[in-house]
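Read on for two forms of one protein chain; each stands alone as structure tokens, with the labels structure 1 and structure 2.
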Structure 1
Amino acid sequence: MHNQTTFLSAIRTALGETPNIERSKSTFPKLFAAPDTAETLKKIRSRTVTERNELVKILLHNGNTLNISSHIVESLPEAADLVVELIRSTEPEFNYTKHVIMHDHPDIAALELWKRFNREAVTLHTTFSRDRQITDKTIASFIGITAPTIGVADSATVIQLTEPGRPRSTSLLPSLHIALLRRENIVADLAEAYALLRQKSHLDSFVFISGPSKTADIEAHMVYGAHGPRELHLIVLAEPELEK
């Protein structure tokens, strides 16, 4: 704390303020003032299905330019078919056996992937909170499946919050990242996304993901799969609206 005091005094001196008198943030209410998001939140909530479908289209289109492989499905079983196909058709990059790591999320559980692999050597792991071996299992996995909280159409971003049972590494260490996103969770732009984030009372770490890992450091040649996943598969779950 001693360091902090002298450090901040030096700043106050530089700013022409009294060095030893701490300035309080309450004296500068505008400094942390943030625009009211009520309107934005209302807009997000009141979107019609047509409008949401429009956002899906934009998200997919923008994702395409970022090399995101995207799929629209109408039901969880349909999503499961896709995932199964990806698991079957992809060869592990760092291991010889097929391990898949999945976030502890109701939509992912509802895929019931365990039912699909009774004759193949595919091991499925879920990142349950108290499992101490999660890191090892994640390192062993070639596919990671998450269900991001928010999708952003304009920047083709999925926002992954760190929460109990939803660690950071699931979308990072495997060669393939599959993000399962409900149409309802897609917003138009970052302004809307940040408004939703501000709603959260507690934010642990989180990450914006806009495409597969990439680098252009060697002669500006674009290569996917630098350190993170080399493929990002976005599965948008757009269930048909029930007649009201």
Structure 2
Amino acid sequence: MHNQTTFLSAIRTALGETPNIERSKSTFPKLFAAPDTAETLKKIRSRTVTERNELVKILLHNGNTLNISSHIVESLPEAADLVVELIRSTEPEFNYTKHVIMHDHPDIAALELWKRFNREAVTLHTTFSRDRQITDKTIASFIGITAPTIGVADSATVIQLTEPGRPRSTSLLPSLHIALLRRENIVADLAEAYALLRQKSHLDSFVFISGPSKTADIEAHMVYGAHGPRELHLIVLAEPELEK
């Protein structure tokens, strides 16, 4: 504690402030003031279809450099076809049985994946908040499917909120992460993303995901899947829409 106090006092002195005065909301109102996000939110809500499509292009372009497998679909049935193909074409790494864990989200439910595997050895699990076996089911699953709240074009990031029925483990534990993101939920940069997050009350936690898990700790050799999913498939749902 003494070292921390000394360190902070040195910073205050360097800034020309009294060393032992603590910063507080009353003495530094501008420092602690919440940013005015009204203009940012207005900008987000007033975007045209053309502008949103441009953000999709930027997101996919930047995601390509981060080893994100990106797909654009125009309907939920088309998204379902793509997800089914990914499940069928990928083999589990640590299990002989194909288990898939899915967030309790209306867009994922609308895929109706349960209709597609009635004659195949694929087990689908949904992260219902009252299911006490979610941890075991997630560990057994080789694919996790989520519907991120926000996509950030500038950094190719999807932001996954932790909410009832939508644990962060779904996007972190399985070997493959499939993220279904609606075009209207894509913003330009992190400033816009934080403006939207500030509107959320009672946030538990959230995960910023920019590509699959990767590390180059050993001899600067890039390895995917060391601390999380080895693949990230981003499906952008861009339903046909007329300009207003």
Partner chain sequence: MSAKPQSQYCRDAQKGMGSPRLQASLHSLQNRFGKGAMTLWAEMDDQDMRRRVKQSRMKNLDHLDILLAELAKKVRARGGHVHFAENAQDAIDYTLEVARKNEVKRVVKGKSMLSMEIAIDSALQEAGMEVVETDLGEYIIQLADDKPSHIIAPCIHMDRSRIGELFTEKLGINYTDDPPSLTAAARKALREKLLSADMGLTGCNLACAATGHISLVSNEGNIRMATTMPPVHVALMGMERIVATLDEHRETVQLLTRGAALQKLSTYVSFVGGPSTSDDPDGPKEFHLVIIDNGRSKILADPEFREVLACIRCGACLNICPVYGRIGGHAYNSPYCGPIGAVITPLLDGINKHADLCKGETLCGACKDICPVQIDLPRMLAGLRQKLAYGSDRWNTKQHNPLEAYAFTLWRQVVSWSPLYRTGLKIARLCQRPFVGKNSMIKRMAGLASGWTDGRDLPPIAKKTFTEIWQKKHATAEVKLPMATKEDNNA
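Since we're looking at a predicted model, the values are computed, not measured. Numbers given to residues start at 1 and step along the sequence of structure 1. Rigid core: the largest C-alpha set superposing within 1.5 Å between the two forms.
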Note to self: form predicted in complex with the partner chain is structure 1
Superposing on the rigid core, is the Cα displacement of R230 between structure 1 and structure 2 2 Å or more?
no
Displacement in Å of the C-alpha of T13 between structure 1 and structure 2, rigid core kept as reference
12.8
